[in-house]
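The chain below stands alone and is given as structure tokens, in the form predicted on its own.
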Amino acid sequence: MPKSTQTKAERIRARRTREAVNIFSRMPSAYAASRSQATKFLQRAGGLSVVEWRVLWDLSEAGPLSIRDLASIQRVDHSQLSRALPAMWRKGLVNMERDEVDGRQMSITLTEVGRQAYEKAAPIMKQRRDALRRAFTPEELKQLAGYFDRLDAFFCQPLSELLNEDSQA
């Protein structure tokens, strides 16, 4: 049916149908929903931000860590953590000291206040992970993680490998 003869509702329905399988448009929505849900869980757990929670969790399980280590574990740009850590230090959640081996790096450690904040939030965030495990089988979660690995690899490809520049000439 030509676009001019379709009703607005039909055009919107058709567009939504196409967008339902558009991974590029679905990812930001899923990410935003995940962050919103995590924020709601963390508000019940004492008001940590998602970034604060992730830092405290990583330090609790693997600390002390450098900013680069944290960024690698969390798969984020280290500048995001570099901005967040001074506020966490001011709140007394973490200590930041020059690394003894590499003075260019900061060594981030959990304080007692940080450990208490982590211990308060951990059971609530575990409930979130448990709820996800009820929504997906272990095999589905493994597959989903594999899809993310493939997406990461795709997004890291050089443009020259993705563009069909020969056909544009």
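For every residue, the number given is its place in the sequence shown, counted from 1. As the structure is a computational prediction, the values presented were derived from the model and not from experiment.
Another form exists, predicted together with a further copy of the same chain; not displayed. Remarks below refer to it.
a further copy of the same chain in the predicted complex is approached by residue 26, whose closest heavy atom lies within 4.5 angstroms of it. Interface membership of residue 73, defined by any non-hydrogen atom within 4.5 Å of a further copy of the same chain in the predicted complex, is confirmed. Of the heavy atoms in residue 115, none are within 4.5 Å of a further copy of the same chain in the predicted complex.
Contact check for residue 102: no non-hydrogen atom falls within 4.5 Å of a further copy of the same chain in the predicted complex.
Of all the residues from 45-78, those having a non-hydrogen atom no more than 4.5 Å from a further copy of the same chain in the predicted complex are 54, 57, 58, 60, 61, 62, 63, 64, 65, 66, 69, 72, 73, 75.
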